[in-house]
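First, one chain by itself: the form predicted on its own, in structure tokens.
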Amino acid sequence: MQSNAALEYDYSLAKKFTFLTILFGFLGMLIGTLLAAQLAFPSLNYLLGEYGTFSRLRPLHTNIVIFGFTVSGIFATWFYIGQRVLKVSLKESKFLMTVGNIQFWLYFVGALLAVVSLLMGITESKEYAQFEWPFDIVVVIIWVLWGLNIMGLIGIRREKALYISVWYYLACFLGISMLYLFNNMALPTYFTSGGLGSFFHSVSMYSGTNDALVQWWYGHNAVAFGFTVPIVGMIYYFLPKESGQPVYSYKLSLLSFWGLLFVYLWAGSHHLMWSTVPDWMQTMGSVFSVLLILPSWGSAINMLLTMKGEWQQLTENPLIKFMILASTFYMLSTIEGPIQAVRSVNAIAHFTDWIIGHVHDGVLGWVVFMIMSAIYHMTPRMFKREIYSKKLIETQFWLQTTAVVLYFTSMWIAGITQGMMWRAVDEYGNLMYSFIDTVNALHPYYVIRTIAAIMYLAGFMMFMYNIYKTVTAGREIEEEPQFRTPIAA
């Protein structure tokens, strides 16, 4: 093994996954922008025949953002963070490098084929779990390879203590492993219909209410262990590194970690209120959703207090600005979700665009902001070049922040309007509005959302351009910056 003083990290895998993160981010947001426009202007559904309809593109959008952009970002940051906090280089183990490269190419090819399958309409029709069983097997293999790499790096580490970020990445690996396996248990219809079905098309091994419970135990916790846990792991590394400030409270980080893991797992049934699911399960989902505020806000407050006495960095460093606003959106999203899980509020919010607003202030404001700022931090250290343009980052920040605010406020208003109109009755107990009345009432808010989506996509394209120019034309730096990322004026 190399001595610690002469240690050189191998960023080849981190670089590859970073490029994939940017590619899938652009594709996912481009399709999302088109979907927003289709709801505002339905004639756009017919531009590409069956391949351009909302119903065909919507699962494409969600899966590219979840399993393309976010998971690529998780892999990219792990292969960067893991080496540094464990004080070991991937190049020290040919086995781990080989495993990592197999993981990358299997993931890249598998993801592209999965995208094509959804575009062709090949789907199990389960939310966030649309892939047919052959793709599920590929996903499991990729995940096992990543787990081997995590455990392998931990096994050969020089740093005895496991930094809190490693805990969160481990939780991401173990949580999604359990969730994905149980929810995607399926049987090919060829074996369930006397040979009349298809070998490649499958149906869930669960049925009815049981299927719904397993699906939303999975669906909600896919958000927990994909959009929350690893992103918290990222900010626990990148904010202290970027600001030069130690984490405010390591005990609070551990308390929030265990609280998040225990409470989140029991909240999924809040997606099934007012359904055939037993009342006690619905109530349990509601109670645990409210309890979820504590560990979620614990992490976010820990991050905000990390900047105690150093708030001037927000005006000086745009990366700190991104990370602090990401934490703020995390707080907003994790109090909004529990509010929506309260039974009386859920009676209005369920099936409305308020839910869409909640999802997107979390994804666009928390997940995407954090992954972009992580890439901004990693790029100069991986490529030894200064970030190309500070002005471009500042413009991107304000454009995307405005877009997120427009997006979620328009969807809040649209959703509450929907819920109230659906429930409104006259003195005889008859519904006051037809469904088309609600559609007409929501049109202005759908237009606002479309504008917001275009703005956000434009900001992401600025991010792409800035990274491209950094890698190809950024001023070379001789020594790696210890804290603040070097950014050209």
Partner chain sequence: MFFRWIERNPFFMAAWISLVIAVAGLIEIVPDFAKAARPVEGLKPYTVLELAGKEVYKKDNCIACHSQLIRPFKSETDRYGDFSVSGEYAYDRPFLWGSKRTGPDLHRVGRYRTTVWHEAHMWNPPAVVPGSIMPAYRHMWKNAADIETAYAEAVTVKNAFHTPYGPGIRKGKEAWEKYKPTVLAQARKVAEEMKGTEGVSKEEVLKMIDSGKVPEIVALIAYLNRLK
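Numbering follows the first chain given and starts at 1. The structure displayed is predicted, hence computed values, not measured ones.
The discussion below concerns the form predicted in complex with its partner chain, not included here.
For the residues 392, 205, 382, 145, the 4.5 Å heavy atom test against its partner chain in the predicted bound form is passed only by 205. Across the proposed site, 32, 136 and 181 without exception lack any heavy atom within 4.5 Å of its partner chain in the predicted bound form. Put simply, residue 171 is close to its partner chain in the predicted bound form: some heavy atom of it is within 4.5 Å.
Contact between residue 275 and its partner chain in the predicted bound form is found at the 4.5 Å heavy atom cutoff. For residue 100, no non-hydrogen atom is located within 4.5 Å of its partner chain in the predicted bound form, even though that partner is not displayed. Residue contact check for residue 93: none of its heavy atoms lie within 4.5 Å of its partner chain in the predicted bound form. Partner contact region in the predicted bound form: 349 to 357, out of 349 to 357, 108 to 116, 383 to 391, 67 to 75, criterion any non-hydrogen atom within 4.5 Å of its partner chain. The partner is not shown here, but in the predicted bound form the stretch 209 to 230 reaches within 4.5 angstroms of its partner chain through a heavy atom at 209, 210, 211, 212, 213, 214, 215, 216, 217, 225.
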